[in-house]
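Here's a solo chain for you in structure tokens, the form predicted alone.
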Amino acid sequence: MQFRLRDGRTIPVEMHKSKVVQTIKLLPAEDRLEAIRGAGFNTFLLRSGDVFLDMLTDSGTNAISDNQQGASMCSDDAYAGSESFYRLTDAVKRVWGKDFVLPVHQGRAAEHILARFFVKPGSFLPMNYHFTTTKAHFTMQGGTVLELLKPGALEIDSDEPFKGDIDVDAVERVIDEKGAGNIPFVRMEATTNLIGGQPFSLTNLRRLKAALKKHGIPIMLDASLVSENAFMIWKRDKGAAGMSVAEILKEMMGLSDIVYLSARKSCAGRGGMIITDRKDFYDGIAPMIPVYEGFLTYGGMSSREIEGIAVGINEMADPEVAGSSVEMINFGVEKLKRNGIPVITPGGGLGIHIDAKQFLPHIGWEQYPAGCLAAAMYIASGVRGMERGSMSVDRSADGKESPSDVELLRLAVPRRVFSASHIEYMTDMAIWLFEHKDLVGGLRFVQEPPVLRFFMGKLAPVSDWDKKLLDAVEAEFGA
């Protein structure tokens, strides 16, 4: 909930109270420098004990509710036919209106199975925007990903409320050029992770459905942040006027033929699922679950996780839950923008995204400015964010690199984890770093995996900028 103070400021008020807490610590700046050096200047390789505010991701880091914790203690551990699974299917049917549920251990597992079922050499896969692991799975099966965002979607500072909309006219042109038989689905991601967690509108999804229906092409929905997307539709989409968040969620699911999600992001701490109301899809995919995941009623998850997801699905329809991260993100985005920081606007789901191209204009894309900014932010503040730029783009088959569409430092805001004071601290340190941006230099790979290199690759500074930044931090804030 947003609350306007008497001094005119608007702050997010957390509609929950903390009953279990976890201690965090802020290492001295010199220790932070040693930690990032040991991690090869890759924030993924930092130990969590060396991190003050962990804003790397929202995956598996959201807070769970007391009701979820309670339900997990009443789970049925049966290998087959678990009652916990049937409580999950009841929740999916009641809240989302889908009949068939295929559990998997996380969203990436769903991508693997869907890629094997739908994608083959010569397949063309239109989508509003790719995600790293999704693209890897689809291309490894021989498919070609086509990103069909509407014009203006990649603008950093914008008033456009739905940058995640797909260009439906472009989709229709692709169908005409490639043939409907070569397009197994059109994928929509809620929200678009790599371009700032930007949502698509219900109006756009309705139009896409109408365009695809005459060709018999299904819609695939990555629903990992569908509740945040629904909340922003509720706030911004005139086409959804008068609808509740619950009604928006159910219509989004109804317009989609095959849905998958990471429960680590959407509604629980672990797990994932594939859901559909098409029996032909269910019958085709179901035999792969025991091969790659687990039996059909647990799919690689524990029954406790399944119970937590079932409760979480119900909670997702509550606007205070669906909007909790969105409101906190907007709070941080607005403060950064007021202070001249180049940040993606409007705020989306998932996190706060700072434009490293504008923040560090002296660093070329081939020296990974978003990775540099992530490392510098950690040295300055102890805050761990994630690079979402050219480091996240793998080399082509001939070894060449290409710049990313955007160079972003993503500062994830897991649901109901951080307080407004945490966001105040992070944004203040980002503002200080912007004032000292000339101290930050480039990075180069010294250990580079061939696929998804941003996860495990190690880098080194191209100069001694890390030590100079440390000196400035200690001069300003002390050891």
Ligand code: F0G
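Model, not experiment: these values are computed from the prediction. All residue numbers refer to positions in the sequence shown, first residue = 1.
Absent from the display: the form predicted in complex with this ligand. The rest refers to it.
- Picking from 246 to 254, 264 to 272, 299 to 307, 83 to 91 the stretch near this ligand in the predicted complex, with a 4.5 Å limit on heavy atoms, gives 264 to 272.
- The closest heavy atom approach of K357 to this ligand in the predicted complex falls outside 4.5 Å.
- In the predicted complex, Q106 approaches this ligand with a heavy atom inside 4.5 Å.
- Within this chain, T57 lines the site of this ligand in the predicted complex, having a heavy atom no more than 4.5 Å away.
- Put simply, F131 is close to this ligand in the predicted complex: some heavy atom of it is within 4.5 Å.
- Think of it this way: in the predicted complex, this ligand has a heavy atom of just one of D165, E293, E189, E407 within 4.5 Å, and the residue is E189.
- When you look in the predicted complex, the only residue of A380, I363, M386, V171 with a non-hydrogen atom within 4.5 Å of this ligand is M386.
- Although this ligand is not shown here, in the predicted complex the stretch 198 to 237 places heavy atoms of D222, S224 within 4.5 Å of it, in sequence order.
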